[in-house]
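Next up is one chain by itself, shown in structure tokens, the form predicted on its own.
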Amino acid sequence: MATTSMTGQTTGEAIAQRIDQLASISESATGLTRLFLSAEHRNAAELLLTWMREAGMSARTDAIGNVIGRYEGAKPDQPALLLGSHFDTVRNAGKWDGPLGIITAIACVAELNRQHKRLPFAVEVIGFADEEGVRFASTLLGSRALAGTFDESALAGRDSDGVSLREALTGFGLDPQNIGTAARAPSDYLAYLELHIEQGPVLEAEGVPVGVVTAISGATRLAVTLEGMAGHAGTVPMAMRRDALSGVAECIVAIEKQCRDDPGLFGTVGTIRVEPGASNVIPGRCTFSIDMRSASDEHRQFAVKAAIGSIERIAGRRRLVPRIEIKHEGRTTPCAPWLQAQISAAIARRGYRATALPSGAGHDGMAVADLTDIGMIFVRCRGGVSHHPDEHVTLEDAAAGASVLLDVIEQFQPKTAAS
């Protein structure tokens, strides 16, 4: 990998090969699933650390399980340009979401190292341990720890097996009391750049392989529990039932209608847990998730209040007791204009048309923005498909993304007062 040229298809082939290697680390043989603080997390982290060291970086794991490689500049201990993405996945995931940004960044550093090239600043590559938030329903844990905004109340969160985040960290060999040591200072970094698949169809429709991201849309995630009364499926009259699952079904339809009728609003119910969960027992308790997104914070917050109102009315009419928790509140995060300009210039230098677009999906940059300015490069993905096994990037597009990222790194100009 260290001798791979950053031009042409060979770069795409090298990146795709490593994408496949990382995707083989999964809890399931039939679909890619790699969750935070799992055995698969450990194995993936070790592989990334190996690749970082082969690329000429010193590499380590921090107190939350992020992996960080550092390539020193012409002078040691200089502030760094931070590159990276995440290596956790959703369940039954695609293999490009997250790892493409880490693997491409490592490839770029390997190319600098191959040329014995040192820059006026250091380069750090980070693989964030938890961006998706699947295991503990609390997103961006890795990047929040880096930014110094980790909420310690998240340590009490539990996974589907009842294991708390605190217990999982301890079992992984990390000390929950030391998470604060993962935090970095703003003076450590010049900026954060993340290369990521688009996860949408815009670049494909525009006929371009790469794009520059203008902002990351805000998102709110809620956990909703409706408490009713369990009972025998054959003896409790229909009119007398307090069926929690029927209440959830009505809530889902209401949320879908709200979002369909409101342009720019996206709402998804992705998980449901039913208790006691027997075919001959009326569901007495049901918990479900809501993910609501918009490019406008005001729009999203108004919509979340409206959705909560609908749930409370439905619960009241059905004699159910609602409990609604906001598990994640992510503001809309602009990408820094001065970084957008440098990315656009690099895209043009590589011979592509610079296409600007927002991200409807959340990214670690939402948390890193509390630490330093952020910029993002999108790479076209086939059909706009993501969070699905069919997620795919062509070799040519992977190479295009790598060439643009390397160009940005080599031509990078730190922020000035004029910027």
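As the structure is a prediction and not an experimental result, all values here were calculated from the model. Just count from 1 along the sequence shown to find any residue number.
This protein has a second form, the form predicted in complex with another copy of the chain, left out of what is shown; the following refers to that one.
- Interface residue among K117, R260, R331, R158 relative to another copy of the chain in the predicted bound form, by the heavy atom within 4.5 Å criterion: R260.
- Of the residues G133, P322, G200, G73, just one reaches another copy of the chain in the predicted bound form with a heavy atom at 4.5 Å or closer; this is G200.
- In the predicted bound form, another copy of the chain sits within 4.5 Å of a heavy atom belonging to E256.
- Not displayed here, another copy of the chain is approached by V236 to within 4.5 Å at the level of heavy atoms in the predicted bound form.
- Among residues of the shown chain, I272 is one whose heavy atoms approach another copy of the chain to within 4.5 Å in the predicted bound form.
- The shortest heavy atom separation between T214 and another copy of the chain in the predicted bound form exceeds 4.5 Å.
- Only one segment in the set 122-130, 136-144, 226-234, 149-157 has residues whose heavy atoms sit within 4.5 Å of another copy of the chain in the predicted bound form; it is 226-234.
- The partner is not shown here, but in the predicted bound form the stretch 245-273 reaches within 4.5 angstroms of another copy of the chain through a heavy atom at L245, S246, A249, E250, I252, V253, E256, C259, R260, L265, F266, G267, T268, V269, G270, T271, I272.
- Annotation: P337/G264 CA-CA distance shorter in the predicted bound form than in the displayed model, change of at least 3 Å.
- Between A205 and E256, the Cα distance is smaller in the predicted bound form than in this structure, by no less than 3 angstroms.
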